[in-house]
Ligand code: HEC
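Take a look at this one chain, the form predicted alone, written out in structure tokens.
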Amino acid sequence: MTNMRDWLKSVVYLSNNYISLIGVILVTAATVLWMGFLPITMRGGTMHPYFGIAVFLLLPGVFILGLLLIPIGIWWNRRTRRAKGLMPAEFPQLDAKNPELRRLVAFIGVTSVLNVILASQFAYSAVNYMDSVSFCGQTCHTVMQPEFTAHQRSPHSRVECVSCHIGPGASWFVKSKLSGAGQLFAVMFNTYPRPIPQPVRNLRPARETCETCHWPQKFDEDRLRDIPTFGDDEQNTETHTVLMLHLGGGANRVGIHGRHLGQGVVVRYYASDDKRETIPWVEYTAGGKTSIYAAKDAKLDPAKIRVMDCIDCHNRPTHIYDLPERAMDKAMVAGDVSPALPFAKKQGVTILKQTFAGRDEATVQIPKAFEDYYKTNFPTVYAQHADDVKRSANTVRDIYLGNVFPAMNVTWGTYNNNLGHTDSIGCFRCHDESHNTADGKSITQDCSACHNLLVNGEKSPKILVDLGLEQAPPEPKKPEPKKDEKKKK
């Protein structure tokens, strides 16, 4: 007991140094933060997935560092005092009259109060920042520039990255951090792939992320879709393709979602390539019955069989890249590129498909090339509509900058969108009628299974006029009767 009391006296006396006191501050701060985060982690951390960074990685490191600094400071203080001959023959007693003890207790008390105030504000701000899109998209600027740019103009631009890429709970946080550690080293040593491979491996199942907002069982209605396109002619002739999409859902296993994600429906498939574009084997289970559809001479690797979910078709739900023609159509529908300019669609696509040394050159050359075309070929149009030409030229530039990133080898068509089958193979990866069961049944390629084609490439189709989505074309004026005819009447 005496030896223990003597040891404690020496510790209290020698711990009164800057190094040990900094250690006390770190230990106290980590403890206060841990006590603050503990109720959230016990609830599962559903509000902020990145809470785990502070709770599971940062705080333990700060706590251990503080613990190490305390004995290091004591050792350094003992060594210094011995060197100067200042070590006391007997250390002060541990009672209220001991000034060293009083100062240490007061210091710990004050720092604890300050840590409670400062650490709570710091932790709140830090977690909010780590939840932000700017943290995910701009910290590693070159690597994430394409994905960050695409996210900013997507339907999910207000959804935080962590909501989809990590989601709630600690288990997927740990998995994502283990994966992120390798990515961090790749960025540090400049060994990351260019472009970032598609699809993302080991992505959390969509049922645990996407379906917290989107519930496929409720997508049970049909939906009308109008797809306007503009021609390459001088008038940029606008035509429409109108589809009635059978989205489906619910319990009836009809429509697109019902067939693939309805109640009791499980689809498993094997892709023989890394991009999941070649699918020779499909297993379909519905109503307790399982059927296997396989291409001729298909070879199967059981270890690579995947359960289909939303992301297999909606593979670019947020990071969307367009082809030049599709991007120009969207811009012209929105009026950002004026359809009144002759050959606007053709000229815009031609310029977008050119090769530039980099984004800086494209920023200057694209609007210049677009304006020069009208200055040279349609000087009257340019003189009368210079503002429209300049606005359209800047939009063509923005289309390029939103889809082409030479530093990451991202160009037109680098990332295919599997939703549909016009811009990529998409649905036809499976729906090609070459996947057959043993008794000769095939995965259908019948268009009406997913949609009805109501209009195909028509100008001002009547169905859109009837629905009030388009204005009816003006009726031709009747010719005025001649004077002789008027007299006869």
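One-based numbering along the sequence shown. Predicted model only: the values in this text are computed from it and were never measured.
In what follows, reference is made to the form predicted together with heme C, a form of this protein that is not presented.
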Contact stretch among 67 to 75, 222 to 230, 392 to 400, 363 to 371 - heavy atom within 4.5 Å of heme C in the predicted bound form: 222 to 230
The unique member of Ala331, Val282, Val349, Leu323 whose heavy atoms fall within 4.5 Å of heme C in the predicted bound form: Val282
Contact residue in the predicted bound form, chosen from Phe405, Tyr192, Tyr382, Tyr415 - any heavy atom within 4.5 Å of heme C: Tyr415
Partner contact for Ala271 in the predicted bound form: heme C, 4.5 angstroms, heavy atom: no
Contact label in the predicted bound form: Asn236 to heme C, heavy atom within 4.5 Å: no
Contact of Gln445 with heme C in the predicted bound form (heavy atom, 4.5 Å): yes
Contact flag, Lys441 vs heme C in the predicted bound form, heavy atom cut 4.5 Å: yes
Heavy atom distance at most 4.5 Å to heme C in the predicted bound form, all of Leu203, Thr212 and His314: yes
